[in-house]
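Only one chain is shown below, in C-alpha cells, and it's the form predicted alone.
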Amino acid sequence: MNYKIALIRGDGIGPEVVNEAVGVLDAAAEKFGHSIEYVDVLLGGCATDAVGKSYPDGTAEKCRACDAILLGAVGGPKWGPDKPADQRPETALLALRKDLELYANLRPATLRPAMADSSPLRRETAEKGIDLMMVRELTGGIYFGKRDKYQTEDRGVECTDLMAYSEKEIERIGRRAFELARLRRGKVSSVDKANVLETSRLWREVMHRLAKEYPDVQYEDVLVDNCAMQIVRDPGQFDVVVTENMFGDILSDEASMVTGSIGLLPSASIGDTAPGLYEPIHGSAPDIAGQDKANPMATILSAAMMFRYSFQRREEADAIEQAVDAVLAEGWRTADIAKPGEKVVGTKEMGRLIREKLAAL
C-alpha cells in the first residue's frame, strides 16, 4: 500500500516528536511492505511567524489531498491570548477540525503494563486495568455556539455562550461510538446532564434510538458528574465513553491522568470522508524544546492509531504498540516518566529503541 501523510510539525517540541514518529512509520512501512510519502503543512505559531497567520490559506486543501495527518503540537506563550485570533495557534487547530469536519475525537486512556505503578489510583484499582476510549463530539456544542457580550443596566457586563446540538450531530457521534464498541469490548457509556440541560435530553433521546440498532452492544446513561467520580473510583468499568464537546474536553483530561502520564497518550480526530488527524494529547512544552528531552511515545502511538483507524491496518498498529510496551518493559524512560533508578534516555534514543523493537518483532 502507498500512503500520503500530511505532517504538521508545529511548535515547541512538535518537530522533535514528529521526527521520531516518522521514523517509526518508515520502519513499519519497511516491515510490512508499504511506501509513505510525506507532505509538510505549516500551521500554528510557526505559521504566524512565517506568514503572519496561524492558519495559512490552502491548509485544509493540502490536508484533504492526503490519506492522514500527523500533528506534533501547537501553541506557546509567544502566541498567547493577547494576539489577534488569526495569529493564535489554537484558533488554527479549531478551524482545521471544522473545515475537515473532524467531528469525532478519539482519546484512548490506557494504563500500559510497565507503567502500572505510575497511576495515581490505589494499587488495587490500577491492577484491575484501565483501557477506555473517550469519544468526544468535536465540532458542535458550546465551543462553536453563538457568543454574546453586552452591558446590562444593573449587573454590569454579561456574556452568553450557546450550547446547541442537532439530532444529526448527535447521531453521527453516537454511531461512531457504537461501531468502536463492536471492535472493543462491546459497551457504550453515554455521558450527559439530562436532569438539567435540554441539549442533554435530546442527546439521550437520540442515543436511546441508536442503542436499539446495536442490540449486541451493552448501553448505559451516565450523568457527567457521576462519570467524573467513576473514572477515579473504578475506570476499569468503562469501555467506550461518548459525550458532547465540553464534557469530553474535561473528562478526557481526567481519564488521561489516571493512567499516570500524558506523555504516553495519543489521540485521533476523525470524520466520515476527510483524512483523520492524529496527535499526542500533550502540549508544545516550549521550555524543553530543542533539548532532546521530549517524550515521543504519545506521537508514536498516534501513528499506531493512524494505521488502525485511517488505514485499517490492525497488524501494523499492534506491532507499534507492542514495540512501545517492550521498550517500557525493559525499563527505558524519558525524563518525564522516569523514577529513581530507571534508565533515562532522550527523544532520539527513545525513537531508536522503539524502531529497533519494531524491526525485531
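Please read all numbers here as calculations on a predicted model, not as lab measurements. The first residue of the shown sequence is 1; numbering continues from there.
Keep in mind that the form predicted in complex with a small molecule is not shown, yet the notes after this line are about it.
Undergrad: Let me know the one among Val74, Leu138, Val188, Ile173 whose heavy atoms come within 4.5 Å of the small molecule in the model of the complex, would you?
TA: Spelling it out, the residue with a heavy atom inside the cut-off is Val74.
Undergrad: Given that the small molecule is left out here, which of Ile250, Ala114, Ala194, Ile288 has a heavy atom within 4.5 Å of it in the model of the complex?
TA: In short, Ile288.
Undergrad: Would you classify Thr48 as touching the small molecule in the model of the complex, given a 4.5 Å non-hydrogen atom cut-off?
TA: So Thr48 does not count as contacting the small molecule.
Undergrad: Is Arg88 close enough to the small molecule in the model of the complex to count, meaning some heavy atom within 4.5 Å?
TA: Taking the distances in the model of the complex, the answer for Arg88 is no, it never comes within 4.5 Å of the small molecule.
Undergrad: Taking heavy atoms only, is Ala21 within 4.5 angstroms of the small molecule in the model of the complex?
TA: Ala21: no, not in contact with the small molecule in the model of the complex.
Undergrad: Is Glu169 close to the small molecule in the model of the complex, meaning a heavy atom pair under 4.5 Å apart or at it?
TA: Heavy-atom contact with the small molecule at 4.5 Å: absent for Glu169.
Undergrad: Can you tell me which of 156-164, 258-266, 125-133, 226-234 lies within 4.5 Å of the small molecule in the model of the complex, counting heavy atoms only?
TA: Correct option: 258-266.
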